[in-house]
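The chain that follows stands alone, in the form predicted on its own, written as structure tokens.
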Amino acid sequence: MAETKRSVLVVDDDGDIRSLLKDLLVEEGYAVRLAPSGADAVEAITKNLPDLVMMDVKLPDQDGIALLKQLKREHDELEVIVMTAFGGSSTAIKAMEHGAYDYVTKPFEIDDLLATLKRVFEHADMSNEVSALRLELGKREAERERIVGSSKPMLEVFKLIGKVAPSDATVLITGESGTGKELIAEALHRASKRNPHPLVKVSCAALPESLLETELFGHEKGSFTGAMTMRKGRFESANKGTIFLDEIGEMTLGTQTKLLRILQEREFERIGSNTPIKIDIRVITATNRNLVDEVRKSKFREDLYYRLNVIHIHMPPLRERKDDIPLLVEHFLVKFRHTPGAIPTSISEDALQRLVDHDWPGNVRELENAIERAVVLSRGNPITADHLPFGDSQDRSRLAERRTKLDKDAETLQERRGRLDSDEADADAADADAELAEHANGDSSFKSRVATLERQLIKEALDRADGNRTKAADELGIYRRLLYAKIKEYGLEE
């Protein structure tokens, strides 16, 4: 008996995307149906329920998230992958909230997309109770785009938040300073059932041990000099809610021992009292330290580490998600408007490129400060590179000298190309392009050589197709949108 093919319904108003996905999935052995709108998708699903729906979030007749909610309400077992060309934390989290199996952005990486489909069906085979991930995310998170990003690392963070938030599991958030660990803690609390109760934040690095213990556990009247009244600690104040312990790696071993008892027994005593106080809280911690190394150095309790690391969320540094910088810049330009109703300050392409090129050792916090400073200095005029806080005049002078040299090198290479006869033009032009790329990068890196080869392949495909981009994309085996982006990147528009 022949094996039944897995069925996939592709819902997208872009005919090219539908056609490309159909060809790809049929080649992989899937049975594929197509729908150009939400209404067509509902009709197709009513007639024959597919194993998987791949659905664009922007549909001509209705919102994709609304359609997702309807499909999951009527067919709880149906798996859905949401597709979009516009990434963002709200959309990603909302998609996972309403039961999407995964969330992918266009243009697709084919291997990643096929791997995602494989995971969907492996998950269905392994469990007879495949159900939607119904994540109770607060509406305020969708309305306030507080965590900005559409890069692959950030989409993974958003999806993990959506999965973890409804539980009471202890969460450890790691990442360098300025990556936004506190924002993750806030998002977890807002999306949890503890949202009506307080989120209490404590910086373990801001207080010495004696004051930190008083801050955390409170004290009885007369328990030490100056204790004139009884005082509740942060744990007691966070009862029924969430406590966020920032920079947990700075906590002393003595305080770590008391924290371990709270995690184990959910009770503590105020300083100066032997009466245990029962509490019902969720604990979220954060650190920029490597706690595994701290455990090896005997600076952090191993048993406490395992208690805290039930769920681990790592915030990537900004240098590893530079695709998010334009989105973050736009977000901060809106945030730092002179007045709430004012039009946000614009930014020049040169300034934006300098922001993208910067390494950002201070991460998102440094970027936020840079934009706020630039908005103030520009006084409502477009922000230029001169308004940015990094790169002094000496650096700019050296950069200008280097650019002048590169311009001269480019002119020399261009002259070489002009002297070539027609039979040797293409080969020598490729050499000249490669040499120019080496000058621009400062070295003959692997990446520059690959880019040179890629440019040449695209140029040859376009020549053979007489400039027809669809034919060239088919020959190269890539999506048309990706080809358009590469043509623009390599200056092949003409």
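All residue numbers are counted from 1 along the displayed sequence. Small disclaimer: the values here were computed from a predicted structure and weren't measured.
Another form, the form predicted in complex with a small molecule, is not on view; read the next lines as being about it.
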| field | 4.5 Å heavy atom contact, N288 and the small molecule in the predicted complex | value | yes
| query | Is the gap between T242 and the small molecule in the predicted complex 4.5 Å or less for some heavy atom pair? | reply | no
| message | Please tell me whether any heavy atom belonging to E182 falls inside 4.5 Å of a heavy atom of the small molecule, as the geometry stands in the predicted complex. | response | yes
| task | Indicate whether D246 is a 4.5 Å heavy atom neighbour of the small molecule in the predicted complex. | result | yes
| Pick from 365-373, 263-271, 345-353, 96-104: which stretch has non-hydrogen atoms within 4.5 Å of the small molecule in the predicted complex? | 365-373
| message | Whether M154, S177 and H331 jointly form a contact site for the small molecule in the predicted complex is the question; each needs a heavy atom within 4.5 Å. | response | yes
| field | Of I311, V148, V295, L199, the one that lies within 4.5 Å of the small molecule in the predicted complex (heavy atoms) | value | V148
